[in-house]
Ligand code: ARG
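Given as structure tokens, the chain that follows is alone and in the form predicted alone.
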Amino acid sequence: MAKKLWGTRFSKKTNALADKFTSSIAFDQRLAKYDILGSIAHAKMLGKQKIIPQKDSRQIVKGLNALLKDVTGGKFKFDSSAEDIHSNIQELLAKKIGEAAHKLHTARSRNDQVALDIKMYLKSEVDDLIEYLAQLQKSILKLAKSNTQVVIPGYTHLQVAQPVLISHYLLSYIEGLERDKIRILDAKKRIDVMPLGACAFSGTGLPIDREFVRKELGFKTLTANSIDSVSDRDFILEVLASLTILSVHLSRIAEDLILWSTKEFNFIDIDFSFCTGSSIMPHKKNPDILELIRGSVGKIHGDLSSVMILMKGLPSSYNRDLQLDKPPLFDAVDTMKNILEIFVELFANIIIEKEAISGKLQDESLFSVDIVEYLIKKGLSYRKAHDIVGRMVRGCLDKKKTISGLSLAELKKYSPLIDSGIYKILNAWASVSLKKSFGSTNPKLVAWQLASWQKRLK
């Protein structure tokens, strides 16, 4: 059994069940690197301030660097009986350098220590997440740029609506992911505040130099209140909230791709490497990977709820409940990184089914809004134009005819303002080209957006 950092006060050992229940080494061992880096900066500061002898400070730093090398090299010996990663590192350091190791925890508590570790961990993970998001945006952009001439029928309420460029549709994903990047980066501002020096919760009477530690660890600012320093987990909630919103976007993208890959839509073909088969139906090619992504989003939502509920009933200052903020945080970050990594490769291997899509653009109800706007340009009010086109569509459905199949005389029965120019707008490319508003599906505007994103994502 590993030695506890606090056992002197107790007249008997804690129950084995209590040890097992309270131990966090199983999940907080991933903080080892950050715990050691924080300890190195702390030990340097203690020596600089002459709170401990310089020779002890140097010895501690040397020992911690050796442990850091073990961690990064995969040789670190995690002790499953240790109470937490802090105790594990402290004990290994003592075995390595002897008595000087016991001076490391001077002017420090595990309360401010763990807050520091999580913030250092998150600073690194946020940078990784941003890079994954940028890679996904680039993968989607590449697909969009290679299909700029493809028009698809767009849907609202899962009913055929209007034609749009598929590149325009894909750009909508990039826009949403950019907001996710901004949210995560904004959360990093609250992470980048150094808490070490708050100690248990009231600070210390020893002459520490928090500013020195801040600079050593690369934090932007210092926490200003020692109580808030050890009890704040807003930064975790912010990251989890940002990941939850991101997960919603990714789930909706997955749903689009699942629908588009069906025989009913047949817009895309998902590479076999991201599909599975059926144990009973030999013909099946199932988008199981996307379905599991869609399902995994529930885990991330649960992780946010878990920490939110954990925090809501706590009094101020440190409480042991906070030990349980790490598993959901780690789970959400790991799950998101896995999803993003898969999406990058999946988008790189999507094939657009251009011929099948072209066949779906023969439905001339797709152009009803274009006809309405054609009539508005002739001087009719929106309401009157809408009513005319509504009767036109209903008449065609009743007679099983297309609008382009009606003669000009037949069309003029709906409005004498209609002329032969109406036939020119009854195709998908004309429809998207007629759009003029900024941000619309007009090919020239979409080309500009593609070029803009190409430049931004460099």
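For every residue, the number given is its place in the sequence shown, counted from 1. Computed from a predicted structure; not experimentally measured.
Keep in mind that the form predicted in complex with ligand ARG is not shown, yet the notes after this line are about it.
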{"item": "Candidate stretches 252-260, 363-371, 129-137, 109-117, one within 4.5 Å of ligand ARG in the model of the complex by heavy atom", "value": "109-117"}
{"item": "Ligand ARG: the contacting residue among 169, 274, 330, 318 in the model of the complex [heavy atom, 4.5 Å]", "value": "318"}
{"item": "Position in contact with ligand ARG when the complex is considered in the model of the complex, options 296, 231, 323, 147, heavy atoms within 4.5 Å", "value": "323"}
{"item": "Ligand ARG contact at residue 84 in the model of the complex, heavy atom, 4.5 Å", "value": "yes"}
{"item": "Contact label in the model of the complex: residue 35 to ligand ARG, heavy atom within 4.5 Å", "value": "no"}
{"item": "Any non-hydrogen atom of residue 24 within 4.5 angstroms of ligand ARG in the model of the complex", "value": "yes"}
{"item": "Heavy atom within 4.5 Å of ligand ARG in the model of the complex - qualifying residues of 26-44", "value": "28"}
